[in-house]
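In the structure tokens that follow, the same protein chain appears in two forms, which are kept apart as structure 1 and structure 2.
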Structure 1
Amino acid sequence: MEVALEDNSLMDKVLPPDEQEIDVELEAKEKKYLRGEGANLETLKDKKLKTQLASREKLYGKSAKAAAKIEKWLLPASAGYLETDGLEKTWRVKQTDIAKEVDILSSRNQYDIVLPDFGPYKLDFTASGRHMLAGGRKGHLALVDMMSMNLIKEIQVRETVRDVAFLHNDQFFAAAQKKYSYIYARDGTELHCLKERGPVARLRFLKNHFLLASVNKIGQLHYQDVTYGDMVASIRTGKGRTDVMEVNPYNGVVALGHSGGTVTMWKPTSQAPLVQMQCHPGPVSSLAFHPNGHLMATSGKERKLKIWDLRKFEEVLGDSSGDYSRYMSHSMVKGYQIEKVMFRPYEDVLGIGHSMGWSSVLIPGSGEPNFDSWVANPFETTKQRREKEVHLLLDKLPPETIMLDPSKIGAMRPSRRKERLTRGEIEAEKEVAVEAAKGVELKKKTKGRNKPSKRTKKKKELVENAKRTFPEQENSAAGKKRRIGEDAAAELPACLKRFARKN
């Protein structure tokens, strides 16, 4: 193996320039598959472990190289694009122009379904993008197969429907209705009525954990495990009513946008939010997460759109910067109020749910061109769907794995060894604490309570408390013995001095 690699490096020097470019490209792709830095093996002293880990690191390098090559040469489809030449801007390109340029299959994806009677529509897609669920405010639920444009099932529940969500596949879906939420099977039978949650404003499904998360009109957050029906957590957010809730696909954390302009992030195992960010001066109107989990877009009622970096919890600067500029625009018919926009997975399609039904427009470049059959397969057969369901259940994650940084799972905790401070350092810290206590400004009391004697007493108390946190060094037992020894030695007559305790 070693020899083969050496041969390659020799060959590199003789490669023609375009092949060298390919090498550079492959290296860039390789980085993605390496998933971070390698371990630092220099600090290890155990030689056996070092060699074992070194051989493993080599294997990772090889598999990353192989994956990069597969990505370059073997993937069946390539991503869509929209390129304009010259002075023409991409956002002036209309959907009708696009329809003229693309093939028939793609132009079938552009349509408007007009259903004026049943109110604004909410949409949800399954993970593979094959099925779509549309829920109208006036109670219309429709399950559509997007490949064949078949209507699989539609039901009228005769109640307000505020949100709809698919569970792990197209066999089950949930609808948030007027008083309670319900879970339906694919053929429209009502399977469960989820009474505990109350009137739900938003429903979202966490796929890896099989948790159905919802926020209700009182502002309570509920997590329920749909495999056995247990309510895993019900959290009182304390921030009032909100209907802005999104799930971060990278780590399974639920983010709520509140009317004070804050965005809070929650996990089912804690009653307090993980993060609270002040995003907007006014109410937050909607939220969206980037699939890599590091970016979040929020919009506020003050008509501003902000993009946040979630690693530093800071705004990514410049809506006018090169990265984020207007790509395309689509004008809806006047009077249509848009209720939901959602990209269809693995297709260059944007689904828009509005007050007169739903539409679908083409956005070249927005979908992932190559799907993995083991992750999400739009061309699934029944047998494959059943097997996948079993495998998903076997890989179900416990709710404790939801955390801000999911890479900590499977990692070892770094050993913390607190160094015992020397006496000098403790003394120094004590001085600092005492100074701080002395520097505190006491509140001036009124109505005759501001006596000087009381003020000095209070100050002394503060200084005493500061000193108390540092236990006296002299009071340890060893010190005591030393003192006794010294004192006793001084008192003893000369002949007995040899028996005095020596230090």
Structure 2
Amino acid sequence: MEVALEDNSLMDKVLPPDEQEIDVELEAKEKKYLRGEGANLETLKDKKLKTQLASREKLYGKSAKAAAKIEKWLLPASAGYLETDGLEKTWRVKQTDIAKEVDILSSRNQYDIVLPDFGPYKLDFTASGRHMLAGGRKGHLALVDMMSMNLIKEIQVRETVRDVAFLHNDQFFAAAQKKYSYIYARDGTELHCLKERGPVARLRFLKNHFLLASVNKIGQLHYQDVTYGDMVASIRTGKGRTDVMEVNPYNGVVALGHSGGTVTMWKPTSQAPLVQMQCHPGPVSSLAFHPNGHLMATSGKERKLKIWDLRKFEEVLGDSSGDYSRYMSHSMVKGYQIEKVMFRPYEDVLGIGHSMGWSSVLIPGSGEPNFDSWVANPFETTKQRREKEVHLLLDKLPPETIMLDPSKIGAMRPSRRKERLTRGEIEAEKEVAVEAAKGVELKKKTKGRNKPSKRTKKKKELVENAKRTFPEQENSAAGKKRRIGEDAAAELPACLKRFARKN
């Protein structure tokens, strides 16, 4: 009977082959999230410490298992990559070679739209990567659905367009035109004309704060709240005209690149820059931020690229810290002048706006493979979009929350009041100051001015000056009584003040 029970328990432990493979895969993923080797609890003699460490290790194991399951079931897609054989270089692989190996849907993302009469073009994508906005310098605005490759709307504004930007979703977009900036609806209807900004050079939208940031030709930085239309801030940068502007997605700080090689960072509640970095010897041509907000890439007119760590404001990759290698390269048609390059979110696609239209190329590994439907959903319905818009308005952050370190929000502000020193500490500092005054060597002066009496008098003055910096501690009760008497005397009429008690 006992043998039969043992056999039954062994049968219960044996899993089907599919589940065994899943368990092996989960164990491999779990090792990736563990925090190194566990503590050796057998060598510990303290029972309390041993219990605490055991519970902590158990908690670490549970969190690693949960992270492995999330990666297995909720993050099924893996990032793309480009693998070469032997001595072959990845940057030698051409787009025609990639098109032969990818699926049909991915190959549709390789195209060239030739519009030579309206370029050069600026591009912008929605947060989900579903829609693209193209703005030609000669007034052409086009809204495109990138999944179906259908043209939603195109309009001709009949004047210069310097930049375009989506607002919080694909229903609204802004265009920086010749004299003013305009906000349009998805169907091409003009909604607002923003006259306070003047001729705008660059536009960016802060989605968490619902602020439309712009910099004009004379270097003025403007922040406008698009929910109620008021101008939140107007800042004179004092650096002249700039054509380089980006927003840090981590903290909402706006970075501007200037002709002197400096990069300045701004927030709407300050008229002075938060940070001013000298990044290049010549003009800054472009800059970009990592999605986590801790790294910044800059390039200059001297054709050099640098990577900066914004936590320490130090260069981590560039001329002084090493070399960087090319991953991929793409040769444009001769005569095409590139105006804007931008990666499409959640896709291995790079959009290129140039003087003859715009192009799209495949860059394996450039996109995030798994999207969060609560953050950006490429397949959202009309009902989901409306509900999300309401939630975004309810969760809107005030401009005061824009700062270099947003983790300080909700933390306790350190007290600015100086701690009062005790009587003993004051006396000790006083003695040190008196000894230092006594040890001062006086200059030897001319005859008649170097008498011992004058030297002694001078030393006494130095000691008295040192003591004067430490006022005497008066008795608290006596001081309080004296202050009450002074207040009462001040309230008396002028004819009775001569009878007030004098302390």
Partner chain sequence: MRIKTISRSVDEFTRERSQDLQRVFHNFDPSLRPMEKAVEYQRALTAAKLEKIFARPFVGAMDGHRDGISCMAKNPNYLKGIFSASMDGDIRLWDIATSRRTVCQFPGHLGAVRGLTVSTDGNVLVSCGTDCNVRLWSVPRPSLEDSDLSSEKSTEPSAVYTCKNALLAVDHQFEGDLFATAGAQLDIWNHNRSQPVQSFTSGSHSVISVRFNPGEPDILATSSGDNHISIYDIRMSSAARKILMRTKTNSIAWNPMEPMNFTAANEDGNCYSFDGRKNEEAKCVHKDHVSAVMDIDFSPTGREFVTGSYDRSVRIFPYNGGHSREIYHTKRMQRVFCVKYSSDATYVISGSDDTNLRLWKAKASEQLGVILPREQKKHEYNEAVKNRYKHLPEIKRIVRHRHLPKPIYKAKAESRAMNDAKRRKDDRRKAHSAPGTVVTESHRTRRIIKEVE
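Only a predicted model underlies this, so the values are computations on that prediction, with no experimental measurement involved. Here, rigid core means the biggest group of C-alpha atoms that superpose within 1.5 Å across both forms. Each residue is numbered by where it sits in the sequence of structure 1, with counting from 1.
Here the chain appears twice, and structure 2 is the form predicted alone.
With the core held fixed, the Cα of residue 433 is displaced between the two structures by 2 Å or more. After superposition on the rigid core, the Cα atom of residue 28 is displaced by 2 Å or more between the two structures.
Shown in the overlay between the two structures, fitted on the rigid core, is a CA shift at residue 70 smaller than 2 Å.
Relative displacement of the residue 48 Cα between the two structures on rigid core alignment is 17.9 Å.
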